[in-house]
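Coming up is one lone chain in structure tokens, specifically the form predicted alone.
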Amino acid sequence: MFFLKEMEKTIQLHPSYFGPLIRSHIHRELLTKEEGSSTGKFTIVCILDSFEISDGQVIPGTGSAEYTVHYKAIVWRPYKGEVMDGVVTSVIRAGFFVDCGSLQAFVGRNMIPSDIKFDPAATPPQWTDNAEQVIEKGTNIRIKIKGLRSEVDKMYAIGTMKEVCRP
């Protein structure tokens, strides 16, 4: 789910950036470092506006300065029960891994419909129902999130195909 969130970030600038264009340097640095980054709880999709930049504080010994920037951003946070699309990145006997943007999900064998079986003889390895449904690396797939786990800068999930409408 997407949200509009007010956030704060401390940006450090080298003295070579000091001058009349310092605000644009701070803004560019904010966009470069923050857009697309993950905090473990959510992913920053887009920075909309940096509405307050503090006065710089010189860091002793380096000559660099720190600026605190307050900004608004669109963030994405997955929730248990959310249905999402992704791309299969790896297929193993125990299930398969799916990348859903910045979220990596694992769909275990017990979360795959019973008519879809693992085919170890296939190249590349795949889960298939021996008809039109084939799940292999690169397959676009829709899953439902059953559980989430966060680390410092990454999110992981357990997903299921059983509760999602299939074509």
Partner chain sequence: MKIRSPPGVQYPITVEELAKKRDDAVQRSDLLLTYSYEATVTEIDKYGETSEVKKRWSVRFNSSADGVIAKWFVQKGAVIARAGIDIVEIEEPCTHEIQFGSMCVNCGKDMTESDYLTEQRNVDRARINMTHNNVALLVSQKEAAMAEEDSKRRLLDAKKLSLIVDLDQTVIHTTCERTIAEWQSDPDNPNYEALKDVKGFQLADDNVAHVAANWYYVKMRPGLKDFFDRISTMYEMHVYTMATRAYAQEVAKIIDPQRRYFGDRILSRDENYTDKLKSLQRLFPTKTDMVVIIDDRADIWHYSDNLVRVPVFNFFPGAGDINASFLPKQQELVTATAKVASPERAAANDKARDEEPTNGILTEIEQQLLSMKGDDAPEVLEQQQKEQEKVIITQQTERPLLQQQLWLDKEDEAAEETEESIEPKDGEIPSHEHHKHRHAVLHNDDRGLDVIEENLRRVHQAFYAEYIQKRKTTLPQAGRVLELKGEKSPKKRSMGGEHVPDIKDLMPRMKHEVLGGTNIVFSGIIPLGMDVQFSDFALWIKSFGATVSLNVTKQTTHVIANPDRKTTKVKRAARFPNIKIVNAEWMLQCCTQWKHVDETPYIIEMDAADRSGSPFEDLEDDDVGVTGDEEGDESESPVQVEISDEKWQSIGDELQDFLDESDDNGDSPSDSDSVRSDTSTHSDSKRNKRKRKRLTGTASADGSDEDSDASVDSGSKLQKRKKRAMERVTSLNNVVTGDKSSGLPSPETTGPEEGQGEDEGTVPDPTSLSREDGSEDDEDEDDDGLAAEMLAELKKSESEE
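Positions refer to the first chain, counted from 1. Quick caveat, the model's predicted, so the values are computed rather than measured.
Below, we refer to the form predicted together with its partner chain, which is not included among the displayed structures.
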Are all three of Met111, Leu148 and Tyr156 close to its partner chain in the model of the complex, meaning a heavy atom of each within 4.5 Å? yes
Hey, of 34 to 42, 53 to 61, 66 to 74, 116 to 124, which bit sits against its partner chain in the model of the complex at 4.5 Å between non-hydrogen atoms? 116 to 124
Is there a heavy atom of Arg28 no more than 4.5 Å from a heavy atom of its partner chain in the model of the complex? no
Report yes if any heavy atom of Met84 sits within 4.5 Å of a heavy atom of its partner chain in the model of the complex; otherwise report no. no
Would Thr139 count as touching its partner chain in the model of the complex under a 4.5 Å heavy atom rule? no
At 4.5 Å between heavy atoms, is Gln104 in contact with its partner chain in the model of the complex? yes
